[in-house]
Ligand code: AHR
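Before any questions on how it binds or moves, here is one chain, the form predicted alone, in structure tokens.
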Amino acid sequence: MAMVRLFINEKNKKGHIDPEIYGHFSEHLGRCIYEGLYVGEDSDIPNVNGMRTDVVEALKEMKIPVLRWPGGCFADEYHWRDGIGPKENRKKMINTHWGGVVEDNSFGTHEFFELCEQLGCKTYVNGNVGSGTVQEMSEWVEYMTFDGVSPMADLRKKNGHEKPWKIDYFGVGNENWGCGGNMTPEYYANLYRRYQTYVRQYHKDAPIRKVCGGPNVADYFWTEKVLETCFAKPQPGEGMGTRGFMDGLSLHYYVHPEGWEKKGSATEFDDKTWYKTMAKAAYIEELIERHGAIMDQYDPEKKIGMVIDEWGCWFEVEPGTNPGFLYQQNTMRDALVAGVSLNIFNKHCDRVKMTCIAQMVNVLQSVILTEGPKMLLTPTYHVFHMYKHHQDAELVDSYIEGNRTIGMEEEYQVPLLSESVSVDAEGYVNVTLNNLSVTEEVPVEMAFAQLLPSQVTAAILREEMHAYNTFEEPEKVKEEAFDAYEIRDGKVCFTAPACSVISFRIK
């Protein structure tokens, strides 16, 4: 295999990588909240105020920056008053979206903020537009954030929390083109204008960033019509004009290698399906660029963030599990999808300001799986852990010379290697590199504009493409130290194994 060259201009800064690009999503779905994150104060499983200690500690080690809650589709049937006050008095309901099980509302607003405080992460709350009222949403924001005398602030204090919390991001509805109400873009955009008016900013020093419900995959019509309704296009020489009442516009995209109707197995697949999966993961870049081009017409200064708050692999559920719980295993294929996606998000950090992988625990492309008192870290967890130094760093220019395309069908070709590079506040150059081939190792020579490397640490995630962790073998796939490199003439030289994710920190 011919050597490829990775050129890095560490002096050419291209943009800032917001930590929120590494965000996560927790919905009242399956065993994500209950059993995954929350076990209750009386559980035999070690917990702090009901939150699983092992899961919280693992997420803190991964440096989780922001958490989205309570949905998802669940958000537009969630009525926040059902989840406050004494737990024995909270209203029970059937979760009609996910599994038809009883939702007892024991995890509500207070519990969510308790979890985020333990994690040390920012908060992203999704409001109910589909089946809720403006008054309901407005009073929830007042309940959470108002520090003064008011009916909702008094109710919060009565329920045991004297001081208000901080909402960092607030989503006005979710998937309102589908499960959130089957709306037209013009209708939703007008509702958005109305609802967001009553998401009051009670603290000038703690602003709530508002996220507007954006498109599903390649629905460019939705993006155009929502922005057309919420914005006035700036005229030549006028500058920005209105910001359209929003700080972010969402985008949802899931990887289904076999299509939406037949999603395929999470663990049983051939080489052809592997490359199809990688190609569909890489497709997110086209979506970012094309939706971004529409956003540029209304927001040329890129003050509105693209918020990809649902992304990841969606396969068939594990045999024998509730189909409404969306529980799936997590292989090296998921790890490479995560690596490719995060590299793309990094490279588009001028527009992409937050993403949330779906979902955090026990649902879809999870970073953690639990079974009673047991917990394991998935291959996807290790990728997020390896990439954490990109958070709050500066994206720098990088280019791979000799990076050819690979695949088994013309329609599903992907680059052999995927990379992104940043420089952090400590002066380290952070490099993340993926080898998407399932068979070929690749010799790599990494060269810099000025840097002469003297300190190098590296980690690798590598295994056969079907490999995954089980509760019987929880560390079959794990991040390991990587020392198979050498420094020659100011360059870092190494071989990237097939089906691998590698991270470097270089000074």
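Residue numbers run from 1 along the displayed sequence. Note that the coordinates shown come from a computational prediction; the quantities given were computed from them, not determined experimentally.
Keep in mind that the form predicted together with alpha-L-arabinofuranose (AHR) is not shown, yet the notes after this line are about it.
> Please tell me whether any heavy atom belonging to Cys73 falls inside 4.5 Å of a heavy atom of alpha-L-arabinofuranose (AHR), as the geometry stands in the predicted complex.
Because a heavy atom of Cys73 falls inside 4.5 Å of alpha-L-arabinofuranose (AHR) in the predicted complex, the answer is yes.
> Using a 4.5 Å heavy atom cut-off, state whether Ala358 contacts alpha-L-arabinofuranose (AHR) in the predicted complex.
Result yes; Ala358 sits at the interface with alpha-L-arabinofuranose (AHR) in the predicted complex.
> May I ask you to check whether Tyr169 falls inside a 4.5 Å heavy atom distance of alpha-L-arabinofuranose (AHR) in the predicted complex?
No, no contact at 4.5 Å.
> With a cut-off of 4.5 Å between heavy atoms, is Trp222 one of the residues that contacts alpha-L-arabinofuranose (AHR) in the predicted complex?
Output for Trp222 is no: heavy atoms all beyond 4.5 Å of alpha-L-arabinofuranose (AHR).
> Select from the listed residues Leu249, Val337, Val226, Leu364 the one whose heavy atoms reach within 4.5 Å of alpha-L-arabinofuranose (AHR) in the predicted complex.
Here the answer is residue option Leu364.
> Note which of Asn330, Asn434, Asn174, Thr277 lies within 4.5 Å of alpha-L-arabinofuranose (AHR) in the predicted complex, where distance is taken over heavy atoms; exactly one does.
Of Asn330, Asn434, Asn174, Thr277, the residue with a heavy atom within 4.5 Å of alpha-L-arabinofuranose (AHR) in the predicted complex is Asn174.
> Since the chain is shown here on its own, which stretch among 286-294, 174-182, 385-393, 412-420 would lie within 4.5 Å of alpha-L-arabinofuranose (AHR) in the predicted complex, judged by heavy atoms?
Stretch 174-182 is the one.
> Assess the spot marked by Leu29, Glu310 and Leu326: is alpha-L-arabinofuranose (AHR) within 4.5 Å of a heavy atom from every one of these residues in the predicted complex?
Per the other structure, all of Leu29, Glu310 and Leu326 touch alpha-L-arabinofuranose (AHR).
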